[in-house]
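In the block that follows, a single chain appears as structure tokens, in the form predicted alone.
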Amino acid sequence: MCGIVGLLVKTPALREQLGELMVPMMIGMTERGPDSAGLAVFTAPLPAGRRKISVFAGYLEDADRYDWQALVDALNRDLDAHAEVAARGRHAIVSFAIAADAVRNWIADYQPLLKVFSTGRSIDLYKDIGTPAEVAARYGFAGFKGTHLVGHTRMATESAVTPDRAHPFTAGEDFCLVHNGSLSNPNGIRRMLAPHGIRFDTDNDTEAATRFLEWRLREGDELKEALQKGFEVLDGFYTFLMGTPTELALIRDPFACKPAVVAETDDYVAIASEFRSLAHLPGVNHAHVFEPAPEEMYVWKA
């Protein structure tokens, strides 16, 4: 059992309050996911030619005091990356003006215990072990600003409780997914994707779904086309919530075994596993509140 939350603000003024509105949503899902939590927030894209990655130092000793500026100084010295860093304890967002793969490979050599959790122009991602309230406080989620976000609280059922197995999962650039449920065929999906050169970082079933859907997007599918192919390939019980730079998308399996509720107003679209995580939102008593139908695609534009 896990908890999912999502929030997309339609009113520009609410972008300043995105994190503030989200934190009670995530804490409301504590009983569904007390062992780890994570959040992907989408902001205005970086200028053309620049990328950013979310880097995690939590597997190192003294991770809370990791010297992120030393990392960026070394990166600029070795690759002339024009890199900058915004650090939040064990996590940092590193932006740069060279190819993302070159930076990822350099980091793997510089410090193999550092983990890169996301890549893109718009996405910032934070995840760690701990209760939702602890993780939110650790990284200052309440201060986050942006257009939309995807969050998750985890109760591990099929792989270890570690930061890299927490959600959201990402693949490619600016795509993330959170999952409540379990897949019965993740190993089959891994075997199917291996000939396409797709590699996996964990044994988590959610990563298999993430990499399958991102592969379809990379092959030229629109998001709805990729999701339709997901219905045909992904077997199991699931509610998936996904984020791209311009969209928030929700699907449930054909039996709708895992809960979800949506509240939509003129100002926002909010999604959670249970209504209690939506009850604090402004104007929710006048919102259009509904349970998403099984095997239907719901896509909202940011």
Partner chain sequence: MESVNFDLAATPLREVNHYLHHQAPARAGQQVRIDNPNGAHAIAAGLNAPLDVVIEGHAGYYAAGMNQHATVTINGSAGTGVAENMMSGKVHVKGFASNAAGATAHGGLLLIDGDAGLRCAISLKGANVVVGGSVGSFSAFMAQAGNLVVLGDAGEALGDSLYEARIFVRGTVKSLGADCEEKPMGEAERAILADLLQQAGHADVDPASFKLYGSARTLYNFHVDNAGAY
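Numbering follows the first chain given and starts at 1. All of these numbers come straight from a predicted model, not from anything done at the bench.
Absent from the display: the form predicted together with its partner chain. The rest refers to it.
- Heavy atoms of residue 294 reach within 4.5 Å of its partner chain in the predicted bound form, making it an interface residue.
- In the predicted bound form, residue 32 approaches its partner chain with a heavy atom inside 4.5 Å.
- Taking the partner from the other structure, its partner chain in the predicted bound form has no heavy atom within 4.5 Å of any heavy atom of residue 236.
- Among residues of the shown chain, residue 59 is not one whose heavy atoms approach its partner chain to within 4.5 Å in the predicted bound form.
- Contact here is defined as any heavy atom lying within 4.5 Å of its partner chain in the predicted bound form, and by that definition not a single one of 114, 128 and 163 is a contact residue.
- Stretch 267-275 is the answer when you ask which of 238-246, 60-68, 35-43, 267-275 has residues with heavy atoms within 4.5 Å of its partner chain in the predicted bound form.
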